[in-house]
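Given next, in structure tokens, is a single chain: the form predicted on its own.
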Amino acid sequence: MKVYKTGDIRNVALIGNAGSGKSTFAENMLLKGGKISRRGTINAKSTVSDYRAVEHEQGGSVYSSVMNTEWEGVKINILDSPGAIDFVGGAVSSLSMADTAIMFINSQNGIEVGTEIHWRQAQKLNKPIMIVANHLNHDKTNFEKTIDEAKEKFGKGVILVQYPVNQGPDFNAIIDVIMRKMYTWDKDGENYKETDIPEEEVEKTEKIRSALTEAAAESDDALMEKFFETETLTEDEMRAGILAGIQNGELYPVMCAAADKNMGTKRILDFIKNAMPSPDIAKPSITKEGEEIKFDSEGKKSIFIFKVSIEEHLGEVLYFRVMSGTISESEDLINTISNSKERISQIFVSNGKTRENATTMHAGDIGATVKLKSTKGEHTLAEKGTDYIFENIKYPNPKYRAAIKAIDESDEEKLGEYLHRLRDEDPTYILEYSKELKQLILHSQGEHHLNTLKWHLDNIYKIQTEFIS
């Protein structure tokens, strides 16, 4: 795997309500970047993101998934989040490690409950947000209503970069107001052509472009001064203004897609590369002591474990972000919580269950490792003499509770072990032993969340349990 410098990395979290098309769009990103040779589908249970048995069973994401693609000299780390409300923990951990949130909205349904919940999480974490209006090729889509709802819910910063020409079952064309071009796809979405904007769309395009130009100018004093003088900006100036507005949380640019037809992917990848912040200009991380740590490759070496996954034939996989410095394979770091030494014997980059070796990673990048002795989720590893401990991920409080017991009393010890293992993978499960009731109480995000845990106990760990009301 090629080594990417901090300025050539983009970390994006795909968020949005279940069914908004995140995992399908991730397939398109991987295909365009040459990471896969054909797109998987949800129905065929073949997407890179949803590779676990429980996700095949439920037909949707249960865990966040770490992927990456390469696009014109830039590495894009993709953190695909589950959309179901009960699995919001995956969205929170993904957002915590990303520099940009990409909010997918189902243009058939507008702003859904999950959309609002994920938006609030992104806002809490002060993350820049771009919006993808997806499913524009379906007969119930209503782009204008979707955008009106988004502006009503999320404010005037919601601003068009693109709009569809012919939304609905015949959808195959988008107008890009920055490029002043129309992109038209063939019926299968495999090929597209770039043309000038049709005469009948010029007035609408220029009106939208004028609003975008003014919004971009408002993000920077120098650009605003030039805009007052000339009432226009160059494409590069617009890009700089949009980037500043996105970083400041003042602009939420809207782009268009039909993910299941792979329409709109290339231009969104271009936009991520050109207008989304790299880690070196993103907001710094904060230690528990309140110290700001910039993503600097020349800084002290440190990584933060943000996700743990138990993988068949591999065991515990620990996903990390390089918070500062540059780390390499066979390097010794200190767990700053336990003060124990850990050898980073291997570094991987992941695409779902597929892993590729990486020898070195710079600050801001995302990778994975295995076979650590005493390191768990939300632990910090750093070079000797460095006392960084990064803030824990702030998960939402549990909303549902039930007592759980093994049907066979001889399995009680195993049950406790497996529950702690499942909690390592999903920290939104909270375990509590009630001395008063003499019961093991399991707190979760909802009944579906609870039943998903029981599915793992039944099908993966082969231990029969029951919930006690």
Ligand SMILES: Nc1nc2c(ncn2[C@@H]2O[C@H](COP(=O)(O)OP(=O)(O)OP(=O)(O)O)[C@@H](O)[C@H]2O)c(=O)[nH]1
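Values in this document were obtained by computation on a predicted structure and should not be read as measured data. Note that residue numbering begins at 1 and tracks the sequence as displayed.
There is another form of the same protein, the form predicted in complex with the named molecule; it is not shown, and what comes next is about it.
Peer 1: Assess the spot marked by I42, N134 and A258: is the named molecule within 4.5 Å of a heavy atom from every one of these residues in the model of the complex?
Peer 2: Spot residues vs the named molecule: full contact, yes.
Peer 1: Verify the contact flag for G264: yes if a non-hydrogen atom of it lies within 4.5 Å of a non-hydrogen atom of the named molecule in the model of the complex, no if not.
Peer 2: G264: no, not in contact with the named molecule in the model of the complex.
Peer 1: Within 4.5 Å, heavy atoms only: does S61 come near the named molecule in the model of the complex?
Peer 2: Because a heavy atom of S61 falls inside 4.5 Å of the named molecule in the model of the complex, the answer is yes.
Peer 1: Is R209 close to the named molecule in the model of the complex, meaning a heavy atom pair under 4.5 Å apart or at it?
Peer 2: Contact check for R209: no, nothing within 4.5 Å of the named molecule in the model of the complex.
Peer 1: Could you tell me if S81 has a non-hydrogen atom within 4.5 Å of the named molecule in the model of the complex?
Peer 2: Judged by the heavy-atom cut-off of 4.5 Å, S81 is in contact with the named molecule in the model of the complex.
Peer 1: Since exactly one of H138, K353, K181, K294 fits, which has a heavy atom within 4.5 Å of the named molecule in the model of the complex?
Peer 2: None of the others qualify; the residue that does is H138.
Peer 1: By the heavy atom within 4.5 Å rule, which residue out of N11, Q445, N17, T452 makes contact with the named molecule in the model of the complex?
Peer 2: None of the other options qualify; the answer is N17.
Peer 1: Choose one stretch from 435-443, 408-416, 23-31, 66-74: the one whose residues place a heavy atom within 4.5 angstroms of the named molecule in the model of the complex.
Peer 2: Contact-bearing stretch, as computed: 23-31.
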